[in-house]
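Below, in structure tokens: the form predicted on its own, a single chain.
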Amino acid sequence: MRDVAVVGFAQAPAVRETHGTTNGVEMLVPVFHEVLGNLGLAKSDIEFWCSGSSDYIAGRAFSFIAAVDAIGAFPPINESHVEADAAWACYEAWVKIQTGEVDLALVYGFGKSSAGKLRRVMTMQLDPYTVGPLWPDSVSVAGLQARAGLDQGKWTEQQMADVAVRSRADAKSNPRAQLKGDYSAEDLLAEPYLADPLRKHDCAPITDGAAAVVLAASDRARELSERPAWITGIAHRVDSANLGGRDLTTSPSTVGAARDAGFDKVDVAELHAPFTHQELLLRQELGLNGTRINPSGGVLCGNPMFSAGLIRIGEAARQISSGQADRALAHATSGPALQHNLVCLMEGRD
């Protein structure tokens, strides 16, 4: 296996609405400029480009082709795409480097959620025969999961509110975060339900945004970064799409992905948990008690669809590159109620 590391990361500000097109070009151009500029690279230096996005969010077919305009028409590029969060594009780029065909790859993701009704758009990922026609929105499905955990005593509404309070406080140090500030759990719990038992603070906000990560192999990584975030393991697993066919208060796919990635003790974890109870669930499943969780604020403070998972990898890598952590875990999820999960483990080497 080749040594591969995250050497660069940049993201657009997480905002409620942008005025650009749904193909992401306006958000991606400055992100590319930042991540390449920080590394002293030109677009022509990138040997493989891989993106993650969704035509359902963009409201057009093959929307990722239009996004390539952000790269430019010349020179010709080696490019691929996944219809998923760009964390899975990162996995593809990692595999591409493992083949020995390339040494340097740029991964990017984007999503303009404000263009439609996200809660209803996400219904399209459900079983199209038995569940989709009922049109349960994504927040209501998460509410079913939250209620199951509450009824089983796996978490409480107080703990859920505490997650929101901590996340928004941590986000104060993140200039890209959409929501941040000091709140009290008591005040949050006094708010009305959005989808019982979920309140507004339990749900990630609607966000437009984009992000990019640069991966490099071996000596190339050492040339580009003083302290690369070396990927020691990366894996993804998926659970049943049948909501009634699995225990929604557990996440076997997360546990399996972490095991196959070689999970051990880490200093920090960036978890892709769009709902407060999902962070509690993931912490329990991965045994992360005592580990610092989402120092960036996480997706509860900014949730750009199809780049939020990639941002978890970038933020975890940043903790390593800055010397604030030696070992980090990044997690990404896709599908309803934590159906599909990816775990990426990274470490710093002095």
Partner chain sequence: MAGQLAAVIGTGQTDHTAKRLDVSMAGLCREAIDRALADANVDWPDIDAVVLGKAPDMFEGVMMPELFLADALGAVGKPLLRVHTAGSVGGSTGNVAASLVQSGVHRRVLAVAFEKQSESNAMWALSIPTPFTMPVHAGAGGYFAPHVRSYIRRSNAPEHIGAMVAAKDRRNGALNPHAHLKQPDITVESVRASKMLWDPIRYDETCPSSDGACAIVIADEKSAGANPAWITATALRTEPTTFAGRDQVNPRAGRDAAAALWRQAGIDDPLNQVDAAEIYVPFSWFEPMWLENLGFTAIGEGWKLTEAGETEIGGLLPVNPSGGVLSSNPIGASGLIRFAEAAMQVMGRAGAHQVSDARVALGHAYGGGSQYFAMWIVSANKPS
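Keep in mind the model is a prediction, meaning the values are calculated, not measured. Positions refer to the first chain, counted from 1.
Keep in mind the form predicted in complex with the partner chain is missing from the figure; the text below concerns it.
Student: Of 212-220, 176-184, 239-247, 264-272, which is the one stretch near the partner chain in the predicted complex, taking non-hydrogen atoms within 4.5 angstroms as near?
Tutor: Among the candidates, contact is made by 239-247.
Student: In the predicted complex, is there a heavy atom of the partner chain that lies within 4.5 Å of any heavy atom of Arg327, even though the partner is absent here?
Tutor: Although the partner chain is absent here, Arg327 would stay clear of it in the predicted complex, with no heavy atoms inside 4.5 Å.
Student: So, Asp170 and the partner chain: in the predicted complex, are they within 4.5 Å at any heavy atom pair?
Tutor: No - in the predicted complex, heavy atoms of Asp170 and the partner chain never come within 4.5 Å of each other.
Student: Although the partner chain is absent from this view, report whether Gly153 comes within 4.5 Å of it in the predicted complex, heavy atoms only.
Tutor: Heavy-atom contact with the partner chain at 4.5 Å: absent for Gly153.
Student: Although the partner chain is absent from this view, report whether Gly37 comes within 4.5 Å of it in the predicted complex, heavy atoms only.
Tutor: No - in the predicted complex, heavy atoms of Gly37 and the partner chain never come within 4.5 Å of each other.
Student: Could you tell me which one of Val121, Val165, Cys203, Leu280 places a heavy atom within 4.5 Å of the partner chain in the predicted complex?
Tutor: Contact with the partner chain in the predicted complex is made by Val121 alone.
Student: Does any residue in 62-80 get within 4.5 Å of the partner chain in the predicted complex, counting heavy atoms only, and if so which ones?
Tutor: Heavy-atom contacts to the partner chain in the predicted complex: Phe62, Phe64, Ile65, Val68, Asp69, Ala73, Phe74, Pro75, Pro76, Ile77, Asn78, Glu79, Ser80.
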